[in-house]
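So this first bit is one chain, no partners, the form predicted on its own, shown in structure tokens.
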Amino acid sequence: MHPLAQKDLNYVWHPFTQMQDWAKEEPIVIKSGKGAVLKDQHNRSYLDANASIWTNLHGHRHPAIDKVIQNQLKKIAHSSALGFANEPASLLAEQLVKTANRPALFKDAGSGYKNPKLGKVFFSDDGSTALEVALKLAYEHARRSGKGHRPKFLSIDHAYHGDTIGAVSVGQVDLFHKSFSGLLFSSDKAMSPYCYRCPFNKAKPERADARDYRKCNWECVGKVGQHFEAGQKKKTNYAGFVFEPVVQGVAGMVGQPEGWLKRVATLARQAEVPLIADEVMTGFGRTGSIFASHQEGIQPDFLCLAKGLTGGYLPMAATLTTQAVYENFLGPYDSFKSFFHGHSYTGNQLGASAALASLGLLKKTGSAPGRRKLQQHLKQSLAPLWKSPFVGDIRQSGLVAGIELVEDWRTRKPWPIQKQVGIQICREMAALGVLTRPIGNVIVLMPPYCCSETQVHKMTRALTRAIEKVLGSAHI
């Protein structure tokens, strides 16, 4: 065993990992990367098929991002944001606000309300903290606006919004709620638009021989609306409606049907409930537009960003909100209305510099058309997988794909978790030179934007061969 791998086994405790299983074999130790390719301790090469857990946008060691970090290092790596400002963070805040409010990026929802303008940026460290900031701001804003002593939050079934206490509280992952129930505050749960497993049996799979489904009447939207109606009747309005726009990531890359977000956002606006968009995964072009909310004509009151913010280089997050929220925290020093929240590395100069360079790359001529071309190739490359009886659903939004594996596509029966089907498939893919991580029985493909068509094809081909080896080759 390589010495580095042994040191990892001796000392490191990995996140979301059963360490008893981890110790059974030599771990892959990533030593270097270039573009979409990673190299391990034995100099073996792999394609980074989940963009280093959904963070890397432009590839590893991108020269433009490398250069700005190196230039910033010649000035300063970090200074405190508590009582002091810095150049890169100030410039980044300006760019985020301008990008979020560009009218060309999204159309008004057309529902009789005006989309708010985002004007203030609060920096933090990661997706969980970006959500914590939004929750605290929304909670206190609601209280100071006369919406109850302890206003609650509404979120969507199966939602994951991070693993800090507030983020877990508004997340709707049963496993986390059972584990940490004594630490959490209560939140309400609305129905998820999980079309493949629609309880009203109206979802139409893409298979040509599945034609016996009725037209959808948006019952899932009505279920969300019932919560807003109940809150209004009790005069206990929600402090915020928390959602992942377009795609629910950890739920299994569950794509929302077109129009769902616009409809539920309209209901929230009518009930005067602020919108909290978790764009930690979907932001910065992953689903098509720079921010996924804009694809449905929605501008939230709180926009939470992380992961791809720095192009996958450094941990950094941002929460954007409105002037009205900001002003609710203004007052004399001794009024104690300040926002009492912050981190040691808030507004870090290296992270902000990387983020500015990443935004610049996203706005370059040809960037959006290039992503659209790559997502079309990904769709074409995934299409042959429909032939497998073990592929129940293929869900793709932009350059985000989730392939749900089932015992039989006709019954949609899921594999028992004890079988570890997703883990086995990803292990075989690694042996074929492609790295990704499953969500239960859903295999995730999220290629960096720098991928070639050949590299994307290698990812899908490795998945096909892994399914053949683990589950059988019938009909593939």
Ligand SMILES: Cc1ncc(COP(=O)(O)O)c(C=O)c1O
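Counting begins at 1, following the sequence as shown. Just so it is clear, the structure is predicted and the values come from calculations on it, not from any experiment.
Quick note: we don't show the form predicted together with this ligand, though the next part is all about it.
Of the stretches 122 to 130, 88 to 96, 327 to 335, 289 to 297, only 122 to 130 has residues with a heavy atom within 4.5 Å of this ligand in the predicted complex. Taking the partner from the other structure, this ligand in the predicted complex has no heavy atom within 4.5 Å of any heavy atom of residue 309. Although the partner is absent from this view, residue 281 contacts this ligand in the predicted complex, with a non-hydrogen atom inside 4.5 angstroms.
Not displayed here, this ligand is approached by residue 162 to within 4.5 Å at the level of heavy atoms in the predicted complex. Within this chain, residue 250 lines the site of this ligand in the predicted complex, having a heavy atom no more than 4.5 Å away.
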